[in-house]
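As structure tokens, one chain now follows by itself in the form predicted alone.
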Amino acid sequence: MNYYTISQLAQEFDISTRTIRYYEERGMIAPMRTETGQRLYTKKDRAVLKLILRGKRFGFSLEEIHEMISLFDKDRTGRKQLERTIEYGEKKLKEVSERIEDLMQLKQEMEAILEDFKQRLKELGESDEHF
């Protein structure tokens, strides 16, 4: 069986070892330990870490990610995990869509203000020519 050290995983995923230990403290991953206390991570731990990081990238909370991951251990068919992931995913997609709408509105307002400022500057330039 292949094992990974904390340094290997940190380097692979471009995160700090402290971040990995934090996920361990939260009970999201549970590495084995050697007699000297070195953490050894399995392929499953690596896969879970990858899911945690993907979930964070998509904006899920650690609680949501932990729940989605732990559901697979409770239901090996993956059905409950998929149902909850879809539920959280749809909620997150709605939030993202709302943020996009807000940002588009902000963009339009900024464009209108900038256009107004440009017009004012142009008018000021024309009025200077009359002196």
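What you see is a predicted model; the values in this text were computed from it and never measured. One rule holds for the numbers: they count along the sequence shown, beginning at 1. Here, rigid core means the biggest group of C-alpha atoms that superpose within 1.5 Å across both forms.
A second form of this protein, the form predicted together with a further copy of the same chain, is not displayed here; the remarks below concern that form.
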Original post:
With the cut-off set at 4.5 Å between non-hydrogen atoms, does Glu111 touch a further copy of the same chain in the predicted bound form?
Top reply: yes
Subject >> a further copy of the same chain contact at Lys92 in the predicted bound form, heavy atom, 4.5 Å >> reply: yes
**OP:** Examine Glu83 and determine whether its closest non-hydrogen atom to a further copy of the same chain in the predicted bound form is within 4.5 angstroms.
**Re:** yes
**OP:** Tell me, yes or no, whether Phe117 is in contact with a further copy of the same chain in the predicted bound form, where a contact means a heavy atom of each within 4.5 Å.
**Re:** yes
Original post:
Can you name the residues of 91-106 that have a non-hydrogen atom within 4.5 angstroms of a further copy of the same chain in the predicted bound form?
Top reply: Lys92, Leu93, Val96, Ser97, Arg99, Ile100, Asp102, Leu103, Met104, Gln105, Leu106
**OP:** For Lys118, decide whether the Cα shift between this form and the one not shown is 2 Å or greater, given a superposition on the rigid core.
**Re:** yes
Original post:
So with the core overlaid, does the Cα of Glu109 end up 2 Å or more away between this form and the one not shown?
Top reply: yes
Subject >> Distance trend in the predicted bound form - C-alpha atoms of Ile86 and Gly55, change of 3 Å or more >> reply: farther
**OP:** Say whether the C-alpha atoms of His66 and Glu98 sit closer together or farther apart in the predicted bound form than in the form shown here, given that their separation changes by 3 Å or more.
**Re:** closer
